[in-house]
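What follows is one chain in structure tokens, specifically the form predicted alone.
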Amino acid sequence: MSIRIGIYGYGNLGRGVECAIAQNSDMQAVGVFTRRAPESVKTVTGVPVYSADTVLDFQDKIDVMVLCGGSATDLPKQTPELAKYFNVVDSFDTHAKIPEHLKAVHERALKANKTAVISVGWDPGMFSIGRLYGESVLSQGNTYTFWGKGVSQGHSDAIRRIDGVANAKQYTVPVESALKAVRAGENPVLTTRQKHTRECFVVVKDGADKARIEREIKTMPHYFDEYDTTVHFISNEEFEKNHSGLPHGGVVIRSGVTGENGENKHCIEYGLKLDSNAEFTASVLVAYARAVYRLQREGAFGCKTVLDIPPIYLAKESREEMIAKLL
């Protein structure tokens, strides 16, 4: 039996989810749900498009709803609301607000006997698991996360929601000297500002106040206020020519010591290099949709995170097959 997936939202992430479902033989896409006029949306693989207003008509037709909205304003409202009616998975990535989001979704899902997984992607998500493994294995040491250079979808979306902004891309850039010191085992103490810079390329609408927009970007809590941020205002032509892709990546490094006096140094590094941030995130969402489906069938209701779920629940193959193949 195929796992029936709904796609709520159809931007870059939604298109990525659609393509990822097509690559997994145990899944089928039931439909895309959009706030736009359905007839104006053309899907990549021909998946039907429905108005978001009709989503509750599909409660018995969808096993897992994959939410593809933005973390700034969409998911804090959409995920708790839809968790009352569907098993859900989202990519909420505002790290500081994850506990708050988890609580809100858990209350709704648990009451409805539904299963939810939030903050699924590569960070939070795969990198979160890397941090847990590193800190568990090397109990004495420090954990470092470096992102980029690449496009942050969440930060770019946050800029686009500022009044007067027509389009925007934000690149996260690791500070090379900090990364070099960590890999050398120096265990530096680094502030947020010392690890990364943020570079923004912004297209504004006619007559927009650029000074205000730049100020709003640089002072935005949880997104830019703790970083050295550069804002470039460019034309739409330059944007389309030089900033149409979604590359990203990064590394999680655990630097630690073992031995009676900590004489032996060790470094665990987990890295990603991504041509498409959106498509990779979508692939992680789809893998966790499979886990949500299995957990729900076992009666594991409420909201989970990637740290709560055994890796075997992600695999298309059986536990026995994966043990024989990978262990």
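A residue's number is simply how far along the shown sequence it sits, counting from 1. So that the term is clear: the rigid core is the largest set of C-alpha atoms that superpose within 1.5 Å between two forms. No experiment lies behind these values; they were computed from the predicted model shown.
From this point on, the text means the form predicted together with a further copy of the same chain, which you will not see here.
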Requested in this report: Given that the partner is absent here, state which listed stretch (202-210, 223-231, 136-144, 77-85) has heavy atoms within 4.5 Å of a further copy of the same chain in the model of the complex.
Outcome: 136-144
Query raised in the report: What is the one choice in 297, 273, 36, 61 with a heavy atom within 4.5 Å of a further copy of the same chain in the model of the complex?
Result: 273
Query raised in the report: Does residue 259 reach a further copy of the same chain in the model of the complex if we count a contact as any heavy atom within 4.5 Å?
Result: yes
Query raised in the report: Is residue 124 close enough to a further copy of the same chain in the model of the complex to count, meaning some heavy atom within 4.5 Å?
Result: yes
Query raised in the report: Taking heavy atoms only, is residue 293 within 4.5 angstroms of a further copy of the same chain in the model of the complex?
Result: no
Requested in this report: Tell me, yes or no, whether residue 119 is in contact with a further copy of the same chain in the model of the complex, where a contact means a heavy atom of each within 4.5 Å.
Outcome: yes
Query - Residues in 49-81 close to a further copy of the same chain in the model of the complex, defined by a heavy atom within 4.5 Å, in order - result: none
Query raised in the report: When the two forms are laid on each other by their rigid core, does residue 140 show a Cα shift of 2 Å or more between the shown form and the other one?
Result: no
Query raised in the report: Superposing on the rigid core, is the CA of residue 113 displaced by 2 Å or more between the shown form and the other one?
Result: no
